[in-house]
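Listed next as structure tokens: two forms of one protein chain, kept apart as structure 1 and structure 2.
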Structure 1
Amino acid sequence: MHLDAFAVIALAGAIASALILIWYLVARPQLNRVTKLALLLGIGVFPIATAGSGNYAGFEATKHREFCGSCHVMTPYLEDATDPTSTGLAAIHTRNAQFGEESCYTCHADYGMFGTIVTKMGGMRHVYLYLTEFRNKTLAEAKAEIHILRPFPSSTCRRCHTTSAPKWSEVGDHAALLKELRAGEVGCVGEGCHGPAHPWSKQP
């Protein structure tokens, strides 16, 4: 179902619930089976549908690249990712239609069993840090301090880039580091390999 449909469901549920409650408070109908059913819908079913649909719509919205760049300290990252002339990995992958509007989320998401939940919990940490440390800093100050939480895992790259294709292993550096790469001891991203994701990326 399209994201907009969930937003419509959430809005419709909220309106329906409000109308039922206003009707009950104004009309004060007799508490019979029909009234109880209406109250069940107004106090229970519609609010639950609204909360569920609204949360899902909001959850999906946070996957979009524009959301990721909505904090001013993330603006340079958004601009780099969408720069058609940038040669950074983020920009190269963003130009790939497969990533669509979710290129930030696709590369930074944890795809474990509870990957989406873990990713969004990590996102809340970003919101906390923004509000407590970076909100009042200039872009230059923030850029000098912001760094990725942990080294970028090559397993993220290998979700799309196989290490088993014949042409992959023909590259000398790849073949020599295959065991270490699969064990997570070395990564694809970084100086000397495929470069940083963003031009100013750095390890903590």
Structure 2
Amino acid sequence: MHLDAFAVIALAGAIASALILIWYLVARPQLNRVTKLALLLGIGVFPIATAGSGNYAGFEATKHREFCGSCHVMTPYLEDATDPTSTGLAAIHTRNAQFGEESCYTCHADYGMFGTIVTKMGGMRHVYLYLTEFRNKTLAEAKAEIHILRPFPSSTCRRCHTTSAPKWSEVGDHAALLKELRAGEVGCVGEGCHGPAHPWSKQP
């Protein structure tokens, strides 16, 4: 459990609101102007503050690595990514403290204009599939079926790897495929150059 400012605001709003509401339910005051105002705070203002900051905190939580790893079929991904001895692409990137706590989201989010929404809608689909199909599957069964929906877009890698660093350009394949790589016609991982991102899923 980690409490950031938004979580604290959400909890404070909930406590303030609960105090007012419990007073109202227990004391049963007359509906005069004071009561109306108190209830405006207890049913309106404070809960809205709680919902706003709580939603934000919840949204942030959904980007968290542990959140992604909380369904059992994702635990091998999480374990490999956080394994300090793993040489998988996900593990290498997860070790970076800047985005490691949210490494799954960093690599798997859609970065278009409505990227966060699109990503979370996709996540809802995953939850739905989990509840309807994968909940009772063993890891071995799930492994055979879980695969990436669309080829992994190289644009996601290019958010950080610009394709213009000198050492990068020295690599023969990079130089030869520069146009295709920048146009997103050739990917970084699916083609077998980098990766596997998650060695576990590629082992027989």
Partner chain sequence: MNKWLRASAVLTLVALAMMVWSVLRPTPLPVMLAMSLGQAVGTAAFGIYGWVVLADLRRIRRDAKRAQELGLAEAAVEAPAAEAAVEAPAAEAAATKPPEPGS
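Counting starts at 1 with the first residue of structure 1 and goes up one by one along its sequence. Note that the structure is predicted; figures quoted are calculated from it, not measured. Heads up, when I say rigid core I mean the largest set of C-alphas that superpose within 1.5 Å between the two forms.
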| item | value |
| --- | --- |
| Form predicted together with the partner chain - which displayed structure it is | 2 |
| Rigid core superposition, Ile20 Cα moves 2 angstroms or more between structure 1 and structure 2 | yes |
| Is_shifted Ser70 between structure 1 and structure 2 (CA, 2 Å cut-off, rigid core) | no |
| Is_shifted Asn32 between structure 1 and structure 2 (CA, 2 Å cut-off, rigid core) | yes |
